[in-house]
Each structure stands twice: as structure tokens, then as C-alpha cells.
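Next up is one chain by itself, shown in C-alpha cells, the form predicted alone.
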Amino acid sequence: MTATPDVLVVGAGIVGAACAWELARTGARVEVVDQGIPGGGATAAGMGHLVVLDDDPLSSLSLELWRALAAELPKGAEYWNCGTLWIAANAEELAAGRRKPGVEMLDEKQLYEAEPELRPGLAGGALAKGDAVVYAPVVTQWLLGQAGVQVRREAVRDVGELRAGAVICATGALTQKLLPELPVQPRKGHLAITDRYAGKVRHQLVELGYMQSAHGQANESVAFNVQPRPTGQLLIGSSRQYAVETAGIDAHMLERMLQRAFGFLPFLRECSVIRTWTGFRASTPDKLPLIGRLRDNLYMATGHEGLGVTTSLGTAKLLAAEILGRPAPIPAEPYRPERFHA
């Protein structure tokens, strides 16, 4: 380094790249450091589902920012406004779907008109037309390029030794190793992708019981979550595991996840799965990220669980406002690190 940067971002996933991009646009001198390939960690392992969750203003802010940015993204980003169809298995879940903001409710007949391959006997669904999907590794590289940032490939073992006007820790599931005083736990997930079956699934399909799996504290859980890719492939999730540090495929979890998907989309049993992989989400006890100043000049942008891609742009906007002393676009208090660490 020739001079101390205004901002040093630790972590070149999509959250770190978004923070670098947002601050570079204000004229700040930004550097990024990461021991791995930019966009190659949890960013590459996830689904890239851009989704508004019911109780989270950060996801709402972020989706607005994604929609505004969509026209500028490169073709390889594969931004696709396919929408999310939340599937109700019964009347109780259908009632829960009605409580979701900004959705169009589908009765049983409308559900099968929208997605004919779903199994019989489902009650209906809630369609969020504004949701989208994106290929996050390409977006990560693009954001870093737009920021004019070259990523330094080196390991960081002590963020307290780093010198910059502001240091942003955007290290995802690795946060626990750098800052063990923070309750950020890795939560393992599996994904599988099929060969090309264009037109078989038209929307991102998620069961309305998904949030129970995502927000629960069980050591292991699965939920139905299938995403159609612009290539015609189908990306199948979703599983969650605590207290697992190995990155290899856990056969029993993969089997549970696939069986859950088969229960909603029976035709998947006949599809060819061409690749399976795992990744680690950064999870906090209350399932909200850590965004903001931790101490001195150290700021956090981590703990996004399965919403790192979705909320990356909103996280960057919120964090930049704090660093620059500007008004926050949404209330920042729910995300402040001091709720866990005074």
C-alpha cells in the first residue's frame, strides 16, 4: 500500500464488494483484502435469490436498490425478475401467506395454472412478483470493478492490526475466527443443480414453512426451495446445519433435502442432478446481520445468514451512512453490533 486507505474492506464476497462500491462512489479511497477468490465463498455457494421478507426493512430497501441497478448489470449477472411463489400446503399456511405484504394470493386453481408441475392437493400460494434471482459471483466482480478496486490476496488474522480510516469486517462465516466475542456461527447448507429442463418451473418456489426452518434453532432442518435458472437448470435447496465444520456433502442431509423437493415437485425424481455442493452461512442468534461500528474504527457487515446476496446493497447503504455521518435510509438499531457486544 502506498498510503493508508480511507476504507479497508476485509472480505471480497458480495457484501464486501457492495460496501467497497458504495463507499468508492462517495470518493473514498477503498482497498479490499481477502485470502480467497472474490465472490468465491458463500457468495458462490448460495442461490442468489433476491427476496423481500415480511419483517425485515433491510430486504425491502435492498430490493429497491437491486431493481434500480438491474439495467446496469452485465449479461453474465443473469438478473431475472421471475418472482417468488410461496406455496401453501394447507389452509393454515394459506392464511399465513395472506399476511405477507405486497403479494398476490392464488387459490388452488390459480396455483396450478402458474405451476402445473406441483403435486396435487396444495391449497394455494402467495406470489411476490417483484422478487428476482441473480448470479452473485459475477455481480461481485462487477461491483469491485466499478469501484476500481484490486483485491489483495492475503489472510487476515487480526483485524485490530489493520490500518485505515475505517476497517469493515465482511468475512461472513469466518467472522467467528477473527472476532470470537461475536455470536456469529457458521450454518452449513447444501445445494443441488439439475440438467436443463426449461419451462418446467416458472417462479422461485418456496414453501410457506420455509421461515420456520430458516429462523429455527434446530441443529438440522430442510425446506422446499427450488429456483429456475435462466439456463433452464433447476437449483434445489434448502438445508441448514449447525455445529458442522466440514465442507463435504453429508449424504443424509442431501437425501432429506431432495426428498422434500420431490414431495412438492414429483417430476424432479426423473431429473438428472449434475452437481451438488455446500456452503456456510453466517448466522446470529436473532437471525439479523451485524451492521455498524463495533469499536474504534472497526465496522461490521456480517451475519446475514441466507440473505447476504439479497441484502448486500442495503447493508452497504446503511453502513456507508454511518461511516460518513449521513442519515440512515432505514432504522439502523436492529442491526447494530452492540446488541451482542457492548
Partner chain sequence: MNAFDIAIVGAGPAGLAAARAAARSGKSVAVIDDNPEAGGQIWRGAAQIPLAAGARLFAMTRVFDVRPGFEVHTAPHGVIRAERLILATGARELFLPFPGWTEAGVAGAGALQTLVKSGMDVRGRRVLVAGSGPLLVAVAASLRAKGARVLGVAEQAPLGRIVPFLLRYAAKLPQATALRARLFGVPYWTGVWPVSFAAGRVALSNGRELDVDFLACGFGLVPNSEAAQLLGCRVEDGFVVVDSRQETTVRGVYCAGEPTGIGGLEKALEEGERAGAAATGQAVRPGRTGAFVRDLARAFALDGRLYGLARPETLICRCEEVPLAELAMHREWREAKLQTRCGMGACQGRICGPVAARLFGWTACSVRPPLVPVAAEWLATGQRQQEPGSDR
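Positions refer to the first chain, counted from 1. Please read all numbers here as calculations on a predicted model, not as lab measurements.
Form predicted together with its partner chain: not shown, discussed below.
Asker: Looking at K129, K200, R196, R119, which is the one with a non-hydrogen atom within 4.5 Å of its partner chain in the predicted complex?
Answerer: Partner contact (heavy atom, 4.5 Å) among the options: R196.
Asker: Just to be sure I understand the contacts: of A71, A251, A155, A91, which is the one whose heavy atoms reach within 4.5 angstroms of its partner chain in the predicted complex?
Answerer: That would be A251.
Asker: In the predicted complex, does R269 have a heavy atom within 4.5 Å of its partner chain?
Answerer: Yes, R269 lies within 4.5 Å of its partner chain in the predicted complex.
Asker: Is there a heavy atom of G97 lying 4.5 Å or less from a heavy atom of its partner chain in the predicted complex?
Answerer: It does not: once its partner chain is placed as it appears in the predicted complex, G97 has no heavy atom within 4.5 Å of it.
Asker: Though only this chain appears here, would G40 touch its partner chain in the predicted complex if you measure heavy atom gaps against 4.5 Å?
Answerer: Yes, G40 is a contact residue.
Asker: Determine whether any heavy atom of L65 comes within 4.5 Å of a heavy atom of its partner chain in the predicted complex, and answer yes or no.
Answerer: So L65 does not count as contacting its partner chain.
Asker: Hey, of 256 to 264, 161 to 169, 98 to 106, 180 to 188, which bit sits against its partner chain in the predicted complex at 4.5 Å between non-hydrogen atoms?
Answerer: Only one stretch passes the 4.5 Å heavy-atom test: 256 to 264.
Asker: Taking R29, A147 and L313 as the candidate spot, are all three within 4.5 angstroms of its partner chain in the predicted complex by heavy atoms?
Answerer: Checked in the predicted complex: no contact with its partner chain for any of the three.
Asker: Hey, which residues along 136 to 163 are within 4.5 angstroms of its partner chain in the predicted complex, non-hydrogen atoms only?
Answerer: Counting only heavy atoms within 4.5 Å of its partner chain in the predicted complex, the contacting residues of 136 to 163 are P137, V138, Q141, R153.
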